[in-house]
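Presented as structure tokens, the chain that follows is alone, the form predicted alone.
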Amino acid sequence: MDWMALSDAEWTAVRLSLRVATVAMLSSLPFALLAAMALARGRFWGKSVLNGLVHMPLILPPVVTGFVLLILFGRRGPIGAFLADNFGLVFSFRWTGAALACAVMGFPLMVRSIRLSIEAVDRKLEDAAATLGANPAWVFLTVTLPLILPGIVAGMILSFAKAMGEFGATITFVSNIPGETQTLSAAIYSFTQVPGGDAGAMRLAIISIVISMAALMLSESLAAAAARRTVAA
């Protein structure tokens, strides 16, 4: 089983992938919740445009998404230059850029999961709370949020799993720099391009499968637990 022992570089890729996926998931959650609420409950001009923009990463080739991110958030891009000059935040060819690319790619999955949960909420429960004097914010926190919690959890895990496997957008935006932007997928690709790299690619592929399966099983467990708490309440 010596062939299963990961090298320091491989462990670095694993840790970086976990870090990138976690940051991508957590940073996109507030925006996904707002977008899901707007799409599920909002009535405004341009709703179909917003829906198209949210789901665009699902239909575009990942390389195109990565290229757009490079144009916008690169060192000379309009957003990237502003953030770098005013806040010192750099995305291109940094692990932060990998997290941004993964967040964008997983965003539609998170929004869709939360949106479906919001649309399934019985509006009569919210109306009943409002008639008792609760303001909209309190109604959301005490009624809506607990009911949609399973969808939020499922969306977060789906986004995390997507981030763990993202390749095209990430490598286009931040390249494949060992120790900085080389995630699991990029490391596996690198192994497949060199003679004798099959063993390393296999090791990382197994790690990727284990992490993805664990994330999906955790999603099911947390969603079921949240659903049980909601029913009990």
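In this text the structure is predicted, and so the values were computed from the model without any measurement. Residues carry their position along the shown sequence, with the first being 1. The term rigid core refers to the most C-alpha atoms you can superpose between the two forms while keeping them within 1.5 Å.
The same protein also has a form predicted together with a further copy of the same chain, omitted here; what follows describes it.
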- [ ] Would you please decide whether residue 42 lies within 4.5 angstroms of a further copy of the same chain in the model of the complex, comparing each non-hydrogen atom pair?
- [x] no
Task: Close approach of residue 116 to a further copy of the same chain in the model of the complex, 4.5 Å, heavy atom - done: yes
- [ ] Find out whether any non-hydrogen atom of residue 27 is located within 4.5 angstroms of a further copy of the same chain in the model of the complex, and reply yes or no.
- [x] no
TODO: Classify residue 188 as contacting or not contacting a further copy of the same chain in the model of the complex by the rule of any non-hydrogen atom within 4.5 angstroms, answering yes or no.
DONE: yes
Open item on the list: With the distance limit set at 4.5 angstroms and only heavy atoms considered, check whether 112, 208 and 217 all reach a further copy of the same chain in the model of the complex.
Closed with: yes
- [ ] Go through 147 to 166 residue by residue and record those having a heavy atom within 4.5 Å of a further copy of the same chain in the model of the complex; state none if no residue qualifies.
- [x] 150, 151, 154, 157, 158, 161, 162, 164, 165
Open item on the list: Following rigid core alignment, is the displacement of the residue 14 C-alpha between this form and the one not shown equal to or greater than 2 angstroms?
Closed with: no
